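Coming up is one lone chain in structure tokens, specifically the form predicted on its own.
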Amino acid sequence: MNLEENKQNICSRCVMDGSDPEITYNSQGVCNHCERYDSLVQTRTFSGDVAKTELSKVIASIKASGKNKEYDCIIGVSGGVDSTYVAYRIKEMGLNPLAIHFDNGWNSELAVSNIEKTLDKLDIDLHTYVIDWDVFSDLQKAFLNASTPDGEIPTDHAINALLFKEASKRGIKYIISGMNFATESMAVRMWSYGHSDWTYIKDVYKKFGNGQSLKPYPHFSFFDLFNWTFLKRIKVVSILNYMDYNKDEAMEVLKNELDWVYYGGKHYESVYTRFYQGYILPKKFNIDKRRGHVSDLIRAGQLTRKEALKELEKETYPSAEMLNHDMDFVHKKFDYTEKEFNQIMKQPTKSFLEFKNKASKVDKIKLVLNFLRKKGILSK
């Protein structure tokens, strides 16, 4: 069955389809992503009065860990709705965070404005890590030439590394994440793989990079992760899992309280992310990440299936004018001619499975972490 034929098989509950080549359906036509959600949502989220009680406990623990210290927790800030809402809520609850921003050279002007307004209004200190552009752009270009759909992994991996490194260096015991399982739980490894797999990232760069040292690039191994999590006991708390989180309501709060401005799409605060998700993924890989985002919202009861399908009928880019602008910007930033970029877009697609990787170990670690969360040993 080819991709176009497979895409006709759409989940009867959400809108996931055969653009995930590993999707499966049960006898009622419900996909494996919906089944995974149902099996984990109770172990990953709290709601109602229980949520209020558990949230009070975790906030008290964070405050106690930071007593007589400059900061009690670390947050990552991108200017997006989730991280901005986390900043707003934890300040409201009396925490004293240090905001960390990873500047990879692709911030939109609107993202910079949103971050500045948010941190000024909330009186939150900011530490920005500006990556060496020669090194980082070479890594991003290596992923483009590797022809896998994982072009955003260099940024995602670096952000996680940076948060843990700063927490470890400063003796801070809590990282507050903007992840929310109810509305952002789906993981499609054939769409995006490598968030914690340094072996995969190194192998892509070895085969398609120009051989620079990756020392300036924030990264981590599984040993680093074990050291930070179990020896230094740094905890990652997804605070939005402790409340009934509704994205539309959160955006209204941010607009009204912080003068925050919407970007027109999820993760579009970065020009490269906007271009990657809005142009490269759909055009080269036949992947529309909005399909995953709206499927999450369907499961969370924040969008109907009919509304989601209507949303997917829209163009993947906010406007043709913005697409042309971003196309030119990406060409110039990467020093590509139009012909060179088009050649990359025409290269046959690959997956992470064609490179060295630790996928089996990642799967085992996820099983262990989910077990520990189910037993209440790890935070939500």
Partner chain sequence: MLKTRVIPVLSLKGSGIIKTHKFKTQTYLGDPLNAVKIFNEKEVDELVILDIFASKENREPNYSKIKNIATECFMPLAYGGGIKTIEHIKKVFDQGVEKVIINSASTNYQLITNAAKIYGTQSIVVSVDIKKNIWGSHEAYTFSGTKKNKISLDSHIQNIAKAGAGELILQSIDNDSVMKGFDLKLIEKVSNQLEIPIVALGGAGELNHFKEAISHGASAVAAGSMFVFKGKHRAVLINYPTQKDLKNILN
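Residue numbers count along the first chain shown, from 1. For clarity, every value in this text was computed on a predicted model and none was experimentally measured.
Not on display, but discussed next: the form predicted together with the partner chain.
- Contact check at 4.5 Å (heavy atoms) against the partner chain in the predicted bound form: all three of 105, 113 and 333 pass.
- Checked against the partner chain in the predicted bound form, the candidates 132, 166, 203, 138 yield a single residue with a heavy atom inside 4.5 Å, and that residue is 132.
- With the partner omitted here, the residue from 244, 125, 92, 249 that has a non-hydrogen atom within 4.5 angstroms of the partner chain in the predicted bound form is 125.
- Interface residue remark: residue 120 is counted as part of the site for the partner chain in the predicted bound form, having a heavy atom within 4.5 Å.
- In the predicted bound form, at least one heavy atom of residue 271 sits within 4.5 Å of a heavy atom of the partner chain.
- Contact between residue 98 and the partner chain in the predicted bound form is found at the 4.5 Å heavy atom cutoff.
- Contact annotation: residue 70 falls within 4.5 Å of the partner chain in the predicted bound form, judged by heavy atom distances.
- Residues of just one listed stretch (230-238, 105-113, 83-91, 276-284) have heavy atoms within 4.5 Å of the partner chain in the predicted bound form: 105-113.
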